[in-house]
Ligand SMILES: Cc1cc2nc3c(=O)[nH]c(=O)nc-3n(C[C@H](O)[C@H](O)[C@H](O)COP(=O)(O)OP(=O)(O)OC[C@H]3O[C@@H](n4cnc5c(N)ncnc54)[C@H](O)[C@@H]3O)c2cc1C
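Here you get one chain, nothing else, as structure tokens; it is the form predicted on its own.
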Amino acid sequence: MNEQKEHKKVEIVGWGLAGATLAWQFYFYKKDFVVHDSGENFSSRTAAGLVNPIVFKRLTKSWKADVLLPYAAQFYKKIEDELGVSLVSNRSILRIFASVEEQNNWASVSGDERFEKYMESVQDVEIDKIAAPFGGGKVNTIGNVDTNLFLDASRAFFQEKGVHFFNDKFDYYNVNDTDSFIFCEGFEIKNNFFFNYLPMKPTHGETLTIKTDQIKFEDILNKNMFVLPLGNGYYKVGATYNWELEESITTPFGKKELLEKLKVFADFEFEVVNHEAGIRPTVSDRRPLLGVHPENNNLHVFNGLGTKGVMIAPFFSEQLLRSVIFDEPIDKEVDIKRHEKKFISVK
């Protein structure tokens, strides 16, 4: 293990998925920290928290799935043990095929030894009021993480341990040379003049929560959208992708899009009980943003987790922590050094 650097007080700015996973890593390493929570992490609050190791569009494995998925499973189990709550659904994802071609492609890929631990072979789908004439295939995963419970229970746990939470917007002019600051602000990084040079490509997304007593299934359904069982007749459906809208607001056209997609394969009556929206912190090259500021070595960033955040965050939060504490290198694929030319150009 590398020699530990002189430990400064750590200030985590942001309490979404990135900030909370990072806080747990500091807790596990027995390092003190404080948290700045503006209450504006709408993306993490809206997210379904799906852990999916397969990219359905291209039928390939998600980036680093063989490393990220088992690490995430162990990480969330450790937190469940600490909190005494169930965060992970531990269910499969059932992909409903749209055509014979998709059925054939799935059969071909699922037989490949590189995919066999994730993908089950083609099977009939027998769920009342769900149309699946071409069958479907299952993805073996840990299901989804209840992100709201994760954020709320973690905060309560840390406060009980004496961790201080500042409940206001962080003032960037309060940055000093004596503390280490780690910015985990998601889309709000656009207001951070230390790191707003990074190439964020924010993606607006909307979800609906519906209630019905006409269907019942355990798996997470996917057919150009997800249908996630929440229990007691409630289901979360989503999500939309809009690269133009930069406010965390719900829209009538987002709601219409989700309802139309649902009706393509679902024939049951339901009531819409909630409509949510958030801005995903996605990056132009689809890789997270980790690392130290080009000129201020006490300023760090952990951002850009995107749509796969619940699977990505655990592994890379530890990598960032070890960079801050032990000065260990960060993977080149995610290190913000890859965007240093952009910093120079905006100075």
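Since the model is a prediction, treat every value here as computed from it, not as a measurement. All residue numbers refer to positions in the sequence shown, first residue = 1.
One more form of this protein, predicted together with the named molecule, exists but is not displayed; see below.
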Heavy atoms within 4.5 Å of the named molecule in the predicted bound form: does residue 309 have any? yes
State yes or no: in the predicted bound form, is some non-hydrogen atom of residue 279 no more than 4.5 angstroms from a non-hydrogen atom of the named molecule? yes
Does the 4.5 Å heavy atom contact test between residue 33 and the named molecule in the predicted bound form come out positive? no
Taking the named molecule as it sits in the predicted bound form, is residue 169 in contact with it (heavy atom to heavy atom, 4.5 Å or less)? yes
To verify the annotation, which of these, 289, 54, 69, 50, has a non-hydrogen atom within 4.5 Å of the named molecule in the predicted bound form? 50
Contacting member of 296, 284, 60, 38, with respect to the named molecule in the predicted bound form [4.5 Å, heavy atom]: 38
For the chain seen here without its partner, which of 263 to 271, 83 to 91, 97 to 105, 185 to 193 has a heavy atom within 4.5 Å of the named molecule in the predicted bound form? 185 to 193
Residues within 4.5 Å of the named molecule in the predicted bound form, restricted to 198 to 233 and counted by heavy atom: 205, 206, 207
